[in-house]
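One chain comes next, on its own, written out as structure tokens in the form predicted on its own.
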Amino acid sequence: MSDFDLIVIGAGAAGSRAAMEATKAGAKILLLDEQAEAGGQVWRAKSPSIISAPKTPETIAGDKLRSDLKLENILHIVNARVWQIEKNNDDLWNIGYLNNGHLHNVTCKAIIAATGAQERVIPVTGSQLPGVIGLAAATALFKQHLTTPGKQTIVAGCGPLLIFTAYEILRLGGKVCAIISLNSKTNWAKASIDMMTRPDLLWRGATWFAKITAARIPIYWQSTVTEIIGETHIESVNISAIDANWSATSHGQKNNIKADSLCMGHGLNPAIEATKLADATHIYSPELGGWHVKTDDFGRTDKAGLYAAGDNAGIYGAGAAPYRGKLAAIAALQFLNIGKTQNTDKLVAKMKSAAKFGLATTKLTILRKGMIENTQQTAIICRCEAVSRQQLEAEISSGAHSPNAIKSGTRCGMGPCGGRYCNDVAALINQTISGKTRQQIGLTTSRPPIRPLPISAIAQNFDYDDLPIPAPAPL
């Protein structure tokens, strides 16, 4: 007998909505989340140290979500780090998680993985220096701690997080030295047409840009950071104009800009560690952020009882996430034979309509072929194991073309992040050398733990004197 009918992993917009839908139908559920409070990245809760702060649409939506969860009396375990997912001999899902230093195991008939997305950063020389953080990491600082990354900040990369990050730094009293945009003005103009499905969000973005313009912040369109300079901390960056493929040009505009911090990001990747460990099929779609678990509109995977909701099933954006969560819950409830059959045509239509805005913004972050050419031989690709591009290329050129072979030969992806920072970049380098497609290159094999575990939690408490030690063998 299972502990729960359904376990939802992730309490962001999709996971929380899925949990509430399943609870209302009478399912026995457990909601697990690695964060201290529900809301995910988009609706991240403020730190308890923040006494008061101006309300934003995100904080209002996040506060309502957290309030609704409490009203439903959902069993929600925070600070829960899921590390294992597998089917047991009774054909139930077994989930292992760490909470407050202790390991726990629970079983369920169905899982909804709502693990969201993780940011992608294509490194250059100096990316590992203190003072360099991702755009998404910067937004976490803003939302949770109302803190800027430095006194003088450069914002670089592509997509809407670029403009949002610059605006938030200004709003919080920081200084933005420059914005370095891979996208051109034309790219933004075309994307804006597709974003007209959400005129409220488009208008909000326009107000951000207006404040940036009023502050006279230099914007370098169709440009990229080529090198980050500093000994023990970032001191300045070199930038260059790029061609249509996003490769730095050998001629044209080049500048050095001084700063003590750099926020740099190149879009989002679906966070697929959980569904990989559960052995679901994954496909590569650049327009959806790269590798994502394969699902239908209801989040059904090809594994019975396994569902995915939100950006881990393809980057559709925050607007579509609640609908995707509710649809996944409906499908899971149908699998569990709980509740009544619902007419979902309108819900699917709303999800697809909301996804149009998210897909338009994701389109701005699709990497072009020349982008990886800007990563120098000395650039550190795997920060955990300090593996450079030069080391990766040597390993790939020696015949290690599979992700597992590259990992085995260089330790790229073996560190605490489990490859979340480096696997995508390593695959891009592999692609340039081997000529294979990303689908042909594939993914590394997923093994537990999918998140680091402390030795103290694994060992727990035991007495060495109780260990059975055999007597020495006779001479």
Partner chain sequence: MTKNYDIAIIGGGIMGCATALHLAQAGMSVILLEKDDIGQGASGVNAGTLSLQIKRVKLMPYALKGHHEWQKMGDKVGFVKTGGYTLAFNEREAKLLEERMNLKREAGANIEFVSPQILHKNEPNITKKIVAVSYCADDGYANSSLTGQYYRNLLNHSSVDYFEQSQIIKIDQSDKGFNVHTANPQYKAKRLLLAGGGWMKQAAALLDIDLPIQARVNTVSVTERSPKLISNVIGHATGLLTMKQKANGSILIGGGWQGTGTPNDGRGKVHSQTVIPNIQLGQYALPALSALRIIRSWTGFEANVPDFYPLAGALGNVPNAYILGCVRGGFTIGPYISKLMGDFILGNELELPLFDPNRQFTQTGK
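Residue numbers count along the first chain shown, from 1. Computed from a prediction, not measured in an experiment: that's the story for all the values here.
Not on display, but discussed next: the form predicted in complex with its partner chain.
A.B. asks: Answer for residue 70 alone: is it within 4.5 Å of its partner chain in the predicted bound form, judged on heavy atom distances?
C.D. replies: Although its partner chain is absent here, residue 70 would stay clear of it in the predicted bound form, with no heavy atoms inside 4.5 Å.
A.B. asks: Is residue 28 near its partner chain? Define near as a heavy atom within 4.5 Å, in the predicted bound form.
C.D. replies: Residue 28: no contact with its partner chain in the predicted bound form.
A.B. asks: Taking its partner chain as it sits in the predicted bound form, is residue 447 in contact with it (heavy atom to heavy atom, 4.5 Å or less)?
C.D. replies: Output for residue 447 is yes: heavy atoms within 4.5 Å of its partner chain.
A.B. asks: Hey, in the predicted bound form, does residue 228 get a heavy atom within 4.5 angstroms of its partner chain?
C.D. replies: So residue 228 does not count as contacting its partner chain.
A.B. asks: Identify whether its partner chain in the predicted bound form is within 4.5 Å of every residue in the set 315, 370 and 439, based on non-hydrogen atoms.
C.D. replies: Heavy-atom distance to its partner chain in the predicted bound form: none of the three under 4.5 Å.
A.B. asks: Just to confirm the contact call: exactly one of 307 to 315, 396 to 404, 241 to 249, 281 to 289 touches its partner chain in the predicted bound form at a 4.5 Å heavy atom cutoff, so which is it?
C.D. replies: Selected range: 396 to 404.
A.B. asks: Though its partner chain is not shown, can you say which of 200, 91, 296, 86 has a heavy atom within 4.5 Å of it in the predicted bound form?
C.D. replies: Answer to the contact question: 86.
A.B. asks: Taking its partner chain as it sits in the predicted bound form, which residues of 415 to 441 have a non-hydrogen atom within 4.5 Å of it? Please list them.
C.D. replies: Result: 415, 416.
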